[in-house]
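In structure tokens, the next block holds one chain alone, the form predicted on its own.
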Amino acid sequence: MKAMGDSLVTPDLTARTDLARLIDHTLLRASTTKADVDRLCGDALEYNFWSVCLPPLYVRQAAQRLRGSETRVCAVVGFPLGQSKTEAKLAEAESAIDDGARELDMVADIGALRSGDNEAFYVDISTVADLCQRSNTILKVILECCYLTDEEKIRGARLAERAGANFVKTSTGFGPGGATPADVVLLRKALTKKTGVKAAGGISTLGAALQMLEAGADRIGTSSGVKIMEEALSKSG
């Protein structure tokens, strides 16, 4: 079963519509303009992606553009390093939700995790998770797996789940490594069925997306959503 936001479905990976509803169509470049955001939203409307994922600065614009559609707005929090104070992450999350975000991708404090400070790691997440629960907002917690040992990935995933995360995400896409099938498998095994796995970072082809889904991912984060859907359409046509 695949978790898609609020519900569980079994997607037909060969079906264009079902695949699109597993994709967070992403734009996180430092050079992003308002016109880029408008194009991102246009892509999302054309292909019916599950969400657009973008910096908090552009949430209000995207929410207005996508009003009345099935596509959600997802904002990143503490991005890309996760080294903001918890109070700053909370303020950023509150602002994004007020502007129309219905999902948040929060970068965890992996420095605390690697230092063995499980309490600090947990509190950082649970503080934002409490806000998300009150506002009916999906929270995805990014572990940046390329910097972690397998033990740290497992411990981080389980702490994130206990803290209230709805998904655990593999990567920001800004580290030296992105999503791998092995990490997806590891996270999936570490978590209960109530918590999803989002694979992100370096997923730029249909084959790579399907590989992550087959490994156990419930959501795909990619800036190559249009390319992936064009590949899917060409194969199904």
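Everything quoted here is computed from the prediction, not taken from an experiment. Residues carry their position along the shown sequence, with the first being 1.
Form predicted in complex with a further copy of the same chain: not shown, discussed below.
Stretch 55-63 is the contacting one of 182-190, 199-207, 55-63, 40-48, since its residues have non-hydrogen atoms within 4.5 Å of a further copy of the same chain in the predicted bound form.
Not displayed here, a further copy of the same chain is kept clear of Tyr122 by more than 4.5 Å at the level of heavy atoms in the predicted bound form. Using a 4.5 angstroms threshold between heavy atoms, Ser69 stays clear of a further copy of the same chain in the predicted bound form.
Residue contact with a further copy of the same chain in the predicted bound form: Ala165 places no heavy atom within 4.5 Å of it.
Interface membership of Asp109, defined by any non-hydrogen atom within 4.5 Å of a further copy of the same chain in the predicted bound form, is confirmed.
If you take 95-109 and check each residue for a heavy atom within 4.5 Å of a further copy of the same chain in the predicted bound form, you get Ser95, Asp99, Asp109, in sequence order.
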